[in-house]
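Next up: just one chain, as structure tokens, the form predicted on its own.
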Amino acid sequence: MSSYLAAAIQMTSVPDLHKNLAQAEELIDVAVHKGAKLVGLPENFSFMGEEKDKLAQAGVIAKETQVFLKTMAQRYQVNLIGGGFPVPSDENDKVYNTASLIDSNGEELLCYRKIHLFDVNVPDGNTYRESSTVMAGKELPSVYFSKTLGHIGLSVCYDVRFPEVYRHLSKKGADVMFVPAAFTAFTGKDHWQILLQARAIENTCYIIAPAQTGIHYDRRQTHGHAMIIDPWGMILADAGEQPGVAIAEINPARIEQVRRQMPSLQHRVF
């Protein structure tokens, strides 16, 4: 593994598949022209709308999103994380919230179905019941071992509140972990950055967190601040509150340095 640039894309996705894919392509283009070799898209990047509309269109969304990811990866010769999109399950009324790692040949290297579903009454008055339309994944995320990009682990949004997921990835050898998200504006202002930094510090790894931002439909508003954080917990890039790209260097020497200075992974009891 050599040093390279990674990008966390920030979008304002809407209930229109083709508008979202067009926006995603523009931002992938920006990231690649800035030198990124690994690019992450946020949760719900290809569709963010009412649950009933997501279910009704799930088959089309899944098919077109998968084709889009493979086409973009090949066209731009870049490795892509599709941070979360609906894929139909065996139950007709539910989908899997699926994240996918695609290499520059358009091959899927890693697939993860979100296991923690966001069923929360947020104090701002909004209620979320992800489990009403999404089937929880049954398997913990795997790690893809890349000679050029490091050992990559996937998670999705609400997973970030469950440190055992990232300890699992760490034990599997991950040193670059993705947290693509559509974090609510209300919770994001207090918890987003702290949680990401905690996961980086605990596991002395890079955290790459693509994000949704702004108002999407009705009262659905997300926090933004797509970030890349180093193994010491330092924020290397922050996309702020507008659609855009956070880009930073992923440096294996930095991982080694931090793990020498703070060898906490070697001291694990559990």
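We number the residues from 1 along the sequence you see. Keep in mind it's a predicted model, so treat the numbers as computed, not measured.
As for the form predicted together with a small molecule, it is not shown, yet the points below apply to it.
K.L.:
Given that the small molecule is not shown alongside this chain, does K114 nevertheless sit within 4.5 Å of it in the predicted bound form, heavy atom to heavy atom?
P.N.:
It does: once the small molecule is placed as it appears in the predicted bound form, K114 has a heavy atom within 4.5 Å of it.
K.L.:
Indicate whether T187 is a 4.5 Å heavy atom neighbour of the small molecule in the predicted bound form.
P.N.:
Taking the distances in the predicted bound form, the answer for T187 is yes, it comes within 4.5 Å of the small molecule.
K.L.:
Looking in the predicted bound form, any heavy atom of A182 within 4.5 Å of the small molecule?
P.N.:
Although the small molecule is absent here, A182 would touch it in the predicted bound form, with heavy atoms inside 4.5 Å.
K.L.:
In the predicted bound form, is there a heavy atom of the small molecule that lies within 4.5 Å of any heavy atom of E108, even though the partner is absent here?
P.N.:
Although the small molecule is absent here, E108 would stay clear of it in the predicted bound form, with no heavy atoms inside 4.5 Å.
K.L.:
Spot the stretch among 215-223, 59-67, 241-249, 29-37 with residues whose non-hydrogen atoms come within 4.5 Å of the small molecule in the predicted bound form.
P.N.:
Of the stretches listed, the one contacting the partner is 215-223.
K.L.:
So the small molecule isn't shown here. In the predicted bound form, which residue out of C157, L80, L154, A200 has a non-hydrogen atom within 4.5 Å of it?
P.N.:
Here the answer is residue option C157.
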